[in-house]
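One chain comes next, on its own, written out as structure tokens in the form predicted alone.
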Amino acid sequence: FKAAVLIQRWYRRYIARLEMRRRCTWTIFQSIEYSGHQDQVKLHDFFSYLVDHFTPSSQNERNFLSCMFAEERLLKDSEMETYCDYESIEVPDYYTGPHVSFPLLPDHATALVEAFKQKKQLHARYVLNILHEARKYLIQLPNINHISTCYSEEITVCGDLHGQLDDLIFIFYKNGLPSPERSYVFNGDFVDRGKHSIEILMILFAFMLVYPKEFHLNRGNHEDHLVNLRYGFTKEVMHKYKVNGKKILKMLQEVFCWLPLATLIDEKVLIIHGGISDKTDLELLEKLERHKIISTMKYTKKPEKKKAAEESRSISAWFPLKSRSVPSSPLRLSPHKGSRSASIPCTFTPDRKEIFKKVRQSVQLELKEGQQQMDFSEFKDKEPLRFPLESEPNSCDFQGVNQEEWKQVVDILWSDPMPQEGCKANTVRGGGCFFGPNVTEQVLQKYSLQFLIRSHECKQEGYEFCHNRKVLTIFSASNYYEVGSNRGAYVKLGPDLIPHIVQYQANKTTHTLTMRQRISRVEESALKALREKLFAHSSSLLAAFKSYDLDGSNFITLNDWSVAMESVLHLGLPWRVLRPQLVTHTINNMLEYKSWLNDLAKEQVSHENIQSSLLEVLYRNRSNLETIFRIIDSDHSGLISFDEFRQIWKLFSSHMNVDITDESICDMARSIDFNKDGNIDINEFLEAFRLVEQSYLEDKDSELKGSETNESSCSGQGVH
């Protein structure tokens, strides 16, 4: 008996330790993911502010910047046939992929699934054809789909897929293909992150067109062209469809804004992607014009003709930035205080180097008061002047929406539940809100609902109940962070509306691993991602550590190390628990922090030809730089033309109050064009950024050496 008790005690401790490791690993992944959301919001706020306070000197500049940064206008039905001229695209004889013809039949949709399982690619003609038909159908749908369990045996609700085709195929294999007896609701976030987003969309749209009464789609926060710039979908489309990618992206933007916002089952179960708030109004959501909300990243209100024209004339191109609240650049390019723009390439002749110094000094002075990033909620409340004006015939025509309506959509696409009572801004994601059990109860009672089904958050088991089982989160992308990190799940509802959860692992590798092996594998991946994050902020960490090293011994306590880590990274991680995995060598519970930071740098072996300080900057800003590149690359060609570069540089120079001629800008563009093909690709863009940062660090070193020389000479004069 005693032996059994001892074995039981040991086993419980063993399982408890594994569970602790699993929870810490999960927290690392989620913290890093949500910090990426915040960076996206900050980056968009920064660019939006630049555009809002830039007065173009010509009609061409005005149109270029309006179409690049403002929400693009929707195509009219009369323009759609001309723009989406898929019939003019020929399918070559050697094409071996699936063929599509309309009206679509069940066999056509099934053939798509089989073709994508075999890694075949659908021709651009058929992609545009499906998108065109999907748009025509979606326009007819209400904002909230009302469906019933009376017409099918059961309704299956699936959560986020995020480009993971294996999960979608596994769901159809396990649960059955859509049919009149088997209805589906897919609850948004079909794209981004994974490698097969376009294939997932084609399958979903095909089944929606085949079974319009049994197959339903909700919009997620990633069905947004601005979000796609950062998280991979734009890049995927342009990589797979180099010739017609631009048309496909435009059509996708059109389709995304027509996706329904919610689905209501038997008037009792509400399915929305994100969540609710204390302001959620289903009646208002039913009535608003959803297609006008092209992106939830920023609220845009179209000003009246006369007022807008007056404001346009009154704003100077050299706007005094200190007089307004300015969102600072999200690109923290230097380990020193101040910030600079990442897209400031230069050659190193004296004149251009002097220009670069002016830029740096200007940013450091003018953005000193704007270092704290603007909250998303604060930004939504602003109604800035945007270009174009109604009087401009050639500009991108976008009809604004009511701000209250826009906030309603942001809340249902971005919000998350919380265990505490009340409703507050979702500062973790940068958009939407956190809603408590009382808010859930309030909305359920108001509309006579039984419970909510949402997605939006990855859960370790693929699902999670909260708020007294009145809110169910469903996430269908298994192995989302790493193989073995989480299960996928979907929920089945019959006429009794009792949820039946089905969990799965789409990757067969996970079935061959023990629990300990799974946790160790995921933990290793999470710690690797965290170490990269630490390395990207090593200069800031060094400054924080020095503030605790009062005697200059290069040693700090482990408690001070934990506090300093959180003060720099703001990830909300249990640093004391993670310390054994991150800190391996201590002396009397003291950490030699400089050696620890050097060890972090040594782990980044793949870039040993770049000095550590430059590599740190690239690690910290690569996602932002790639997003900036795609924003500048307004035609999605994968290349920045010299004209695009000239236009964007004029935007930056006006923000920095630096006078620079078109000739100087062209000289800089030519210096970036290393292969001399007349365009700038992403690698040249990143390399130019590295050279600029290198120049900055060299200047800083020379300044420090000069100050040291002056100090020594002054001290020498004092002796004499």
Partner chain sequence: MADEKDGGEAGLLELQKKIKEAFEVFDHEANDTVDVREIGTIIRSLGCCPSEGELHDLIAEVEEEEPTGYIRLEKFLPMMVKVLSERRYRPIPEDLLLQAFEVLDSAKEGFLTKEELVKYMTEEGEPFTEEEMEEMLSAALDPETNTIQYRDYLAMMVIDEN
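Positions refer to the first chain, counted from 1. Rigid core here is just the name for the largest C-alpha set that superposes within 1.5 Å across the two forms. Everything quoted here is computed from the prediction, not taken from an experiment.
Another form, the form predicted in complex with the partner chain, is not on view; read the next lines as being about it.
Highlighted residues 3, 6 and 17: every one comes within 4.5 Å of the partner chain in the predicted bound form, counting any heavy atom. Of the listed positions (596, 215, 575, 241), a single one reaches within 4.5 angstroms of the partner chain by any non-hydrogen atom in the predicted bound form, namely 575.
Between the options 502, 91, 284, 558, the residue in contact with the partner chain in the predicted bound form by a heavy atom within 4.5 angstroms is 558. In the predicted bound form, residue 516 approaches the partner chain with a heavy atom inside 4.5 Å.
Residue contact check for residue 427: none of its heavy atoms lie within 4.5 Å of the partner chain in the predicted bound form. Among heavy atoms of residue 563, some come within 4.5 Å of the partner chain in the predicted bound form. In the predicted bound form, no heavy atom of residue 552 sits within 4.5 Å of the partner chain. Across the options 120-128, 412-420, 245-253, 478-486, residues that bring heavy atoms within 4.5 Å of the partner chain in the predicted bound form belong to 412-420. With the core superposed, residue 23 shows a C-alpha displacement below 2 Å between the shown form and the other one.
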